[in-house]
Ligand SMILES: Cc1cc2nc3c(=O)[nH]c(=O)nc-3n(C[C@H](O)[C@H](O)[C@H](O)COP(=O)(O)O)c2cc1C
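First comes one chain, alone, set out as structure tokens in the form predicted on its own.
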Amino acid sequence: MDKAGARREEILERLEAEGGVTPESVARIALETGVPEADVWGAGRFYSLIREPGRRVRVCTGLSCRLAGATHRIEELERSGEPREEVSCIGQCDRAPAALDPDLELIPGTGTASSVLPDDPALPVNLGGADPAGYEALAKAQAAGPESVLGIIEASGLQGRGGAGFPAHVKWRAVAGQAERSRYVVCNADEGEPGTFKDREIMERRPHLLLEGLAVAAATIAASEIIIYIRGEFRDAKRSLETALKEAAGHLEPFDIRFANGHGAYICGEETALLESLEGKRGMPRLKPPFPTENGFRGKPTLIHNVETAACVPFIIHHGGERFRDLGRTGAGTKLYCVSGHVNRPGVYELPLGVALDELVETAGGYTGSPMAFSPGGASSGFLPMSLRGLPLDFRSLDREGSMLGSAGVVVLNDTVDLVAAADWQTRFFDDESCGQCAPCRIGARFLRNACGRFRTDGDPDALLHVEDVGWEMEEGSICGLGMVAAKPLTSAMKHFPDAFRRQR
């Protein structure tokens, strides 16, 4: 047990400052914080950025980076003898094949700046536009009052842009209606879904927009503290936000805004795992209910929003909910679509929610090669064939096809790609990133990895006999979304590309 007054929330940041988990750092931090050494060890070893001491290059092995030659980059580093580590994803899919230096800075020459649309004030996020620090939407919201703002958010139809698509106004009302007066706003900026980098671009290009959206939310639900949990590898994004916070000066005085670093755990993109991490623990999802709106950070009502969701709020306050709603095609508003892989201009494009793949890729300069498959929403969405290229990229249409929009991290694969290898890469990702808390995910993810790896090596179709059953058990029995979707890359590839899985010994 912690000693009285133990400062558990400090231990992860302290381990980062110490350069990682070592017997010496653990003993020192335990003594200074009052947290038992075993707990410091356990928490620290959970996170990839701090579990091992030492300096090394981190090479991304995500799908887009694999397609762009990550394996060759790894081999070069191996030959040079330079310390390196293969990591699941570093959120730089548009700059593939990407790598980070020992200080977690993007290594020059691994790609160009992400492409975005030109300045267009009619777009809610408008990545190509200026980022003024006037905070006029915040002033307007404060003058209108909470009930008016809640009505505007509801009229907008804004859904969470992090993956779940949950109506924003429902979350806001749930927190605002709690009897407990101590409340928090937490921004989930731990963008880790392979194929996704939209939140990174918002933080780098429009930091004031994000800060203002979070401040409007905090004012509306009567929260005074805002915490931005930002992915540890996003050094440029954090610097951008820190600068913007200084520039905002008096506009944000009523709020205590602070940053918390992620430490390298994909699972912390799940909102309750993120809360566990904020509290200095291993990022393991909580059972729900209770939901964070009732029992969140430090047990208090907490509004958790993705970066893109919060960034839509100032436009909605300025122009009204109906204006935002009408910008969509099959759902409310615009959507930031990430696109990488076999396209000419990988980037983030703000388009009406519900565009089809061809329209998105046309905006990104067209396909390279002959397109064969696409992943519409990151690794979690699996693979779809080009026969579904006309499907609206929205929440409902993709769900009906057994896929998902998720974070809208679209990856295009042309016919040079071995779909078995692509499925193998994705199943490895989920096995590596499973927190291990629940048996369906812990055992199932390893089974899927071994089954796909065995088939890829031996061509023995018997290796895949139980994949569908295991996938069903994971979907039904896992605590969080990771386990529920971990089988999709393999099961979707087997369904839509059966010829690739008909090898014999």
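In this text, residue numbers run from 1 along the sequence as written. Bear in mind the structure is a predicted one, so any value in this text is a computation, not a measurement.
What comes next is about the form predicted together with the named molecule, which does not appear here.
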The named molecule contact at residue 212 in the predicted complex, heavy atom, 4.5 Å
no
Is residue 335 one of the residues lying within 4.5 Å of the named molecule in the predicted complex, judged by heavy atom distances?
no
Can any non-hydrogen atom of residue 306 be found within 4.5 angstroms of the named molecule in the predicted complex?
yes
Does at least one non-hydrogen atom of residue 21 fall within 4.5 angstroms of the named molecule in the predicted complex?
no
Of 297, 315, 374, 266, which residue is found within 4.5 angstroms of the named molecule in the predicted complex when only non-hydrogen atoms are counted?
266
Could you spot which one of 347, 341, 192, 97 gets a heavy atom to within 4.5 Å of the named molecule in the predicted complex?
192
With the named molecule left out here, work out from 321-329, 182-190, 357-365, 237-245 which stretch has heavy atoms within 4.5 Å of it in the predicted complex.
182-190
